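Just the one chain here, the form predicted on its own, laid out as structure tokens.
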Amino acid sequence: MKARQLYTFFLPDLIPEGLLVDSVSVVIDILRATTTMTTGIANGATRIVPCVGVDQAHLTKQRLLDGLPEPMSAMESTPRVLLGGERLGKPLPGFDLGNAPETYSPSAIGGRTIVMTTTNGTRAMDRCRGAHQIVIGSFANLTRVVQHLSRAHRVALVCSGTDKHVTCEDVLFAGAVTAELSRLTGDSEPPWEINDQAELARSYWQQLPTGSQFPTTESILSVFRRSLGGSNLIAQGRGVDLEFAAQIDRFDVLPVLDQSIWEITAAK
């Protein structure tokens, strides 16, 4: 029985050239890009268009607006294309939204397109070009991600990191996915062959105090508070974002990045 392959990379720069080909790659930026994107798609955003740079985001917004029909009413007060994102955790001047997941509510983003750029997450997505499929992963949709990956034969878990440093929360999520995929593998299914980074991530996850099925929210939060990304957000008064991101399975949604048009939508 041929083994399936499960790789974790603690930073995008650690991915060997060509390894993502034929893989389902999961981009992980728990604090906060992939948590926020998952929230946005779950709360009714039509699509999210990730951009590496701020200038690219502005140009993309204008291109999308140029392709839309004229507003049905001059009374439309909310733009149909919104700019969202941050640099170094802080909202960008002239943007409609930052990168705080709770602000991506149905009333704020429902039925709208979001053009989004972040310090780490959107760059990691760009690094995954050429994969068979790119999935957006977070604790907010952990079970849905695991269910999807359980049918794959090659998986790459790509941690975004913080300013090119390995960050605990991304590694923790990679460990959760690795542990769950291993747990769900039946006797009649091919086993998972995992790399050392995946093994380290799984061990990290399994060290946390366990609730009914998963580690407790408080134990996950304790990791976030000690991490580089989490410490940065707490210093900016954004501790609430850590609490949001630590809750498992808020949503039953699988955001997928279509590489042909470079847009994130919900998988059917």
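Everything quoted here is computed from the prediction, not taken from an experiment. Quick note: we count residues from 1 along the sequence shown, nothing fancier.
From this point on, the text means the form predicted in complex with D-malate (MLT), which you will not see here.
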| item | value |
| --- | --- |
| Listed residue that, although D-malate (MLT) is not shown, lies within 4.5 Å of it in the model of the complex (heavy atoms), from 233, 41, 201, 26 | 233 |
| Contact residue in the model of the complex, from 133, 195, 113, 119 (heavy atom within 4.5 Å of D-malate (MLT)) | 119 |
| Location of D-malate (MLT) contact in the model of the complex, chosen stretch of 49 to 57, 219 to 227, 206 to 214, 26 to 34 [non-hydrogen atom, 4.5 Å] | 26 to 34 |
| Contact at 86, 89 and 99 by D-malate (MLT) in the model of the complex, all three, heavy atom at most 4.5 Å | yes |
